[in-house]
Ligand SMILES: Cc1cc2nc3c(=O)[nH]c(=O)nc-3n(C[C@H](O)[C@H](O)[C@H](O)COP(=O)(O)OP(=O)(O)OC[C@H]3O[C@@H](n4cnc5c(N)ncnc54)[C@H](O)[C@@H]3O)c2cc1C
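As a starting point, one isolated chain is supplied in structure tokens, in the form predicted alone.
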Amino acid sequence: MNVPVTIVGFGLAGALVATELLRRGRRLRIVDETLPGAASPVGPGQINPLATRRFRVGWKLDEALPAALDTYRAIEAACGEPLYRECPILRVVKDQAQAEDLENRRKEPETARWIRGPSPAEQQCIATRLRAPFGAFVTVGGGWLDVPRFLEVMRRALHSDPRVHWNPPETATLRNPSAALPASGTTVWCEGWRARHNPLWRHMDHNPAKGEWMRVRLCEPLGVKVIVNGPCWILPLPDGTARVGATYAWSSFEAGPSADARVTLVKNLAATYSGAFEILSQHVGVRPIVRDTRPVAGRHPKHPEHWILNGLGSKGALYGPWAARLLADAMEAGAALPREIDAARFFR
């Protein structure tokens, strides 16, 4: 009997779990409610193979990146519109120490395959639009997922799918974390940072971080299709505007955009981009993070009908598809989860 699986939360994690379970023939019930501080509705969705300050290759990159591209391309083919855009990352070197790190990384074959020098057009951008006294380089293999559009497309597709029921009356109590423990069939919790209030998962080592970014108009466009990564990141959008971010804070999760964050964003943009700019809007979301910064996927050891996908942080576009695929394999075929992401690590 194909008993429906309930998914609580339909941000990026919930949408990816739904995709994987539907691929395996499951029926779903989805509890969908956007609450203050939700990260996915404003998520930048960047993928950067060398995101660390010392330009090290991302953890499990060779597994996570192919899974992400495969997932997004399949969804694009089904919906008929672009959602993930491959885009090189123009990385500004901030100081002499980073310049030395870069030279060391170029000597490592594993890292060097993700690095190239700027093209003439990119070099022109560095010289005329950016503040880069220590130079810059290009990371290949990067890009960005339009997360808000991705969620819109997924909601539209799943609302018309007869295998999916949205917010059915029998799951209404699951909106209240205090109702998590009673038996309710198989449930996957994709609540984002609010998992820390859920009695099933509150003991996990949560460390959520509030992030803010701005949408701006650059008075002098970059002139090349790149994502800039320096004191801030600059993500040009198809409409001619750009996203600029981001900040980190560990309080006021349900509050709106803050004046302090705006000051920081303006300062960091001015330290990265040499031209004038117009601020159009400011956005806020809370990243779901745990202390070891790895995704969290797996089964509750005391309540085996309850599963979780969480902890995607600022790298959800990269690690979300891979973690969702592994979670679905564990749910449907009993496959073992990698120790580094298994929720069991919090129950020892």
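What you see is a predicted model, and the numbers here were worked out from it, not measured in a lab. From 1 onward, residues are counted along the sequence shown.
This next part talks about the form predicted together with this ligand, which is not shown.
Chemist: Okay, which stretch from 62-70, 306-314, 49-57, 292-300 lines this ligand in the predicted bound form, with non-hydrogen atoms inside 4.5 Å?
Modeler: Partner-contacting stretch among the options: 306-314.
Chemist: Although this ligand is absent from this view, report whether R26 comes within 4.5 Å of it in the predicted bound form, heavy atoms only.
Modeler: R26: no, not in contact with this ligand in the predicted bound form.
Chemist: Should G142 be classed as touching this ligand in the predicted bound form when contacts are defined as heavy atoms within 4.5 Å?
Modeler: Looking in the predicted bound form, residue contacts with this ligand do not include G142, since no heavy atom lies within 4.5 Å.
Chemist: Taking any heavy atom pair closer than or equal to 4.5 Å as contact, tell me whether D146 reaches this ligand in the predicted bound form.
Modeler: Flag for D146 set to no.
Chemist: Is L35 near this ligand? Define near as a heavy atom within 4.5 Å, in the predicted bound form.
Modeler: Heavy-atom contact with this ligand at 4.5 Å: present for L35.
Chemist: Determine the residues of 273-293 with a heavy atom within 4.5 Å of this ligand in the predicted bound form and present them in sequence order; the list may be empty.
Modeler: The stretch touches the partner through G285, V286, R287, P288.
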